[in-house]
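For reference, the chain that follows is the form predicted on its own, supplied as structure tokens.
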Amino acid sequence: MTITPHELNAPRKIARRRRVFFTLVFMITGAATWLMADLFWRFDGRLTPLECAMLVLFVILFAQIALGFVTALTGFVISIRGGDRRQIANTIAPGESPQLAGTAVVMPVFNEDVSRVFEGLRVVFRSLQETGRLEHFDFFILSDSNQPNQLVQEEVAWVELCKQVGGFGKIFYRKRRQQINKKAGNVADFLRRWGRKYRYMVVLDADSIMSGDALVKLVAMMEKNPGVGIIQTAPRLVNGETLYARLQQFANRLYSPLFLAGLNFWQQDTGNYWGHNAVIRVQPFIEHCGLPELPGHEPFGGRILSHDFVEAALMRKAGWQVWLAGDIEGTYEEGPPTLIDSAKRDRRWCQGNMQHSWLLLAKGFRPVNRLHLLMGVMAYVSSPLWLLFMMLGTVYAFGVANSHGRAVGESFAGALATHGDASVFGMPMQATEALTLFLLTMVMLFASKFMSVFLTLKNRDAAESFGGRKNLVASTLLEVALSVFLAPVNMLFHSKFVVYTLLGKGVSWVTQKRGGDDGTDWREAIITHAPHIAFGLAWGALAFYIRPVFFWWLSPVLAGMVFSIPISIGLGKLRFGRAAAEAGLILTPEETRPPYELRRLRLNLEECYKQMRPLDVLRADYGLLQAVLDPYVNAVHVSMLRQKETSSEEAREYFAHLRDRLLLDGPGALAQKEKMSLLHDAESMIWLHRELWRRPARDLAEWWRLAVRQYNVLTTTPVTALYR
């Protein structure tokens, strides 16, 4: 199965694969288009403007479905035949141990759960240490956090982690004062300062986990293939607890192997970059992957929000290969816990992907990279197109009902008896051909799921890792049923996001929620989903008025909208997710046979969360409290501040005023910006610590007197991010 780098880079073979793949996509789309046009034509011997518009939409949308279907089908054939030899992982022979080179493991963070970030990093560090190849890797936590508590907790957690694992000189923490250009700017800042010291960089998200073996293998593949610029792994979704998160990770784990095999078949050396859990060759990345400024202003123009696809295209444009390593084990990430949290993330991704429209015709990009960008755009734009297609179908059904002289509301049975027609989404058609078209569409949509189940059922051990054959089938049916309800809600979410972006309404940079601690409350669900319900009810009433059978055809779509509130709340509940797990449903191999890294992460976090939490009244400013009150934390914090030039008289007066207010009135009297100013001023932090312990209690705010009492109680078990 091993392949040499020279054999891997064979342009003729790559071109032949792409010809086969896209010919299949074209043939399926062409056949479906011909069938649809013929049905329209047979109905009244011509194509009306409305039918032409629907046909154009049908071609666009069906081509997207065909692309996904052929990708999965290709992956299925490859899996049946025992795998694809032309994978970059196969350039490393079994037992081979290539030389490694200096690699930076970088983790950009932004107001994330500090314990989760540092415990995740601890697991990666330890796993890498056990491979015996740790000397080739350095770790960087690149913080863009802008909350006072986060700043102090991250500093303390970094020092504690370094002390506990012997990480001084191997694990570095950098806080950026100005959060310019978000995550892309954060990584770019790292590259400007330290990038040239490393040959490779592995980018992690704050929720990423990678095993030491995976990291070593990625760097080894880069060393073995000097023409490769990026290798992207396929992280598995893990640690989901709510029903929604567990459904997503089940679908990801069960269905993605087919798609990954299919993607590798036609992408080959022009793969994509997904922004994390990937290794990057630093020098060409610095030289060629600077992001361009888009025409116009945000959200549609300006700085690029979703940088990864563009960086892959730029790397490929410069002649460096980009590979997908979907077969690398030990690479994980976490997903959003609820439907609404997922929508918030999609809102940001939608804007980022729509910006890529500017780059579809960019000079020098490879055709496959243009397709990647187009697929990203269509991942969101297809929703309003589907909605438009179905709304035009409603108009069409209304026109047909009237043109045939039937009373609006006539039953489908009567129409069928009179004309011998069938109906798809309310459009009268020749029964056999209409049914063929309908079944073809359904097969294309659901085939990948059932091909994945078939492959898993064939392998007893694989089926057992999903909870057994019976549970696997039941779980798949549950996932399919719920995905049918979720699809129309997501269609409305994405349609709204696309319209907002086009209208110039951008998104702010918010922390992504990953834990499933509280789910979705009723107020949030009602505010979010009320428009979906109203839309579904109005559409359903109109459909029933036009023709009852049309209503029943639409009922799966309408049901998802009308019942979106209980669906959203139910899927976000921890207890439903846990109940499904206890029943043996929607299990994944990472749950039934958890790898070492995930087991360690769970145990470590359980220990962290056992610790006593600070009093509620102190919690909001606990970071500031520690930095002022605790001599150890104060020293750590001050030592990490930059040396400032001589301050002006005005600045000194400003800080003196803030310090007095903080001690006399408590943190509640200061705005967040003022607290951050104090935290960044070393002179003020030293003065505050000395003055707090020197002053008599009567000269301090009650908040500080309580803080001192709390500190004296907890000195044996300090309440930090790692000890809460």
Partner chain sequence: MELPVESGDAMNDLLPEGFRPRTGSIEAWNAAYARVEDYLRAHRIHSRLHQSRLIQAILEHAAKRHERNPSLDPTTLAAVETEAWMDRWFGAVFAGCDVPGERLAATGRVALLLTNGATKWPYSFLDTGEIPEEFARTMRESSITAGPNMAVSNMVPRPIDLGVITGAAGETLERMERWPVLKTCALWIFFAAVFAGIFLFTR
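Numbering follows the first chain given and starts at 1. None of these values were measured; they are calculated from a predicted model.
Below, we turn to the form predicted together with its partner chain, even though it does not appear here.
- Residue L359 is the only one of L387, A251, L359, A581 with a heavy atom lying within 4.5 Å of its partner chain in the predicted bound form.
- Residue in contact with its partner chain in the predicted bound form (any heavy atom within 4.5 Å), chosen from R86, H288, R469, R652: H288.
- For the candidate spot formed by R19, V381 and G560, no residue has a non-hydrogen atom within 4.5 angstroms of its partner chain in the predicted bound form.
- Interface residue remark: R42 is not counted as part of the site for its partner chain in the predicted bound form, having no heavy atom within 4.5 Å.
- With a 4.5 Å cutoff on heavy atoms, R694 counts as touching its partner chain in the predicted bound form.
- Contact check for R661: every heavy atom lies farther than 4.5 Å from its partner chain in the predicted bound form.
- Shown alone here, I78 lies farther than 4.5 Å from its partner chain in the predicted bound form, counting heavy atoms only.
- Look at 439-447, 524-532, 238-246, 631-639: in the predicted bound form, residues with non-hydrogen atoms within 4.5 angstroms of its partner chain sit in 631-639.
- Counting a residue when any of its non-hydrogen atoms is within 4.5 Å of its partner chain in the predicted bound form, the hits in 674-692 run A682, I686, H689, R690, E691, L692.
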